[in-house]
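Only one chain is included here, represented as structure tokens and corresponding to the form predicted alone.
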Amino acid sequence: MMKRLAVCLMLAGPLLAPAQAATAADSKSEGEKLYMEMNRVLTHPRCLNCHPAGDSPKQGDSARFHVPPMTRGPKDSGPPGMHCAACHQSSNYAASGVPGAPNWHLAPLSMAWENKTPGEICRQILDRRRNGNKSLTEIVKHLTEDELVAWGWNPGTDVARRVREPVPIAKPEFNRIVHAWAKAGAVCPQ
């Protein structure tokens, strides 16, 4: 019995001093708080519309189906002959209200966030089998530097020339939060 206990304690690793344990718990708690701030952006319609659970992109704050009807297509950029880039240019087109950014496309189905909990989205983002084999450094770069992601802060106007609501956190603050989350260990909520 004692031998088994000793083996279990060895496998569990060294015990942390109370101060170290408190610091680790604080770091986890801080990491979760940071992710929950990120999640406010990730689950905003500007992001969710392109991370749908199905094969059709969504539009607007109410996540209505895309008009004209559109499907994901074999490479997540629309069906053959009707790629996303046929309408979505490299920048917003104010005359028609069509949004645009470089490389406009749907996120892969493996990165569908619609109807997922914050913890599920976080774990999905970090799962290399589902995130395009991205490392944490590449995820941070994608979230903070990718021009298609950045469109969420500059969504332009819709067809009725109403200004689209940007994501709820200013871009510099979001970037700070993403970097801090990664530095805190990229902790996911339960």
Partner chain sequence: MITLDVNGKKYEIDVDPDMPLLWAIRDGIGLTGTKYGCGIAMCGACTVHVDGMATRSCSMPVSAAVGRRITTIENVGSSRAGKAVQSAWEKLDVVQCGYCQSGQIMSAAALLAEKPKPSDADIDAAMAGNVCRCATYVRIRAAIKQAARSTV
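No experiment lies behind these values; they were computed from the predicted model shown. Numbering follows the first chain given and starts at 1.
Another form, the form predicted in complex with the partner chain, is not on view; read the next lines as being about it.
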Next item on the list: Look at the candidate spot formed by 112, 126 and 128 and say whether the partner chain comes within 4.5 Å of a heavy atom in all three of them in the predicted bound form.
Entry: no
Notebook entry, point to check: Can you pick the one in 118, 108, 79, 102 that has a heavy atom within 4.5 Å of the partner chain in the predicted bound form?
Noted result: 79
Notebook entry, point to check: If you check 53, 63, 163, 67 against the partner chain in the predicted bound form, which one has a heavy atom within 4.5 Å?
Noted result: 67
Next item on the list: Go through 114 to 131 residue by residue and record those having a heavy atom within 4.5 Å of the partner chain in the predicted bound form; state none if no residue qualifies.
Entry: none
